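First, one chain by itself: the form predicted alone, in structure tokens.
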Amino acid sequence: MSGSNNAAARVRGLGSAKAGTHVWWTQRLTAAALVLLVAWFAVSLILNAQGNHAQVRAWIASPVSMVMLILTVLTGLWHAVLGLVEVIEDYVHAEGTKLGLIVAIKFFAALLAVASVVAVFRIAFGG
């Protein structure tokens, strides 16, 4: 990093052990949460494998399942965004392209998050 970029990073609070540490911890926490959430989801799929459409819909409509499904999707998207942004910051060097890609990824993730929550609600409430 050049001297001027280094100074700018320090002014924005992105110097040693600032934002990088936060992102690193957030990635680890979302990964740990995903281990538990995906394990719950896999077990739930196995337990509901023989269920018919109405039974699976009732399972999704239960408050605990609905919250867990939404948490799984949102945590997965958050973890993916953190990882993709990290890759872009490390390997894309043109500032305009970097910014455009990061904005696009975050926008697409937000769109997927809203669509996923709407899908869970529509399945659960028969809309």
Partner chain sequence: MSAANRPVSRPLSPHLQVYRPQLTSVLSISHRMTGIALSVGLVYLVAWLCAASGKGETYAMFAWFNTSVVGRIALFGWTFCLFYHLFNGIRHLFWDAGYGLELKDAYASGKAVVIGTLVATVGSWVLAFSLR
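Just so it is clear, the structure is predicted and the values come from calculations on it, not from any experiment. We call the rigid core whatever largest set of C-alpha positions still superposes within 1.5 Å between the two forms. Numbering follows the first chain given and starts at 1.
The form predicted in complex with the partner chain exists for this protein as well; it is not shown, and the discussion that follows is about that form.
Among residues of the shown chain, V87 is one whose heavy atoms approach the partner chain to within 4.5 Å in the predicted bound form. The shortest heavy atom separation between L101 and the partner chain in the predicted bound form exceeds 4.5 Å. Contact annotation: Q50 falls within 4.5 Å of the partner chain in the predicted bound form, judged by heavy atom distances. When the partner chain is considered in the predicted bound form, V64 lies well away from it, no heavy atom lying within 4.5 Å. Superposition of the core reveals a Cα shift of 2 Å or more for N52 between the shown form and the other one.
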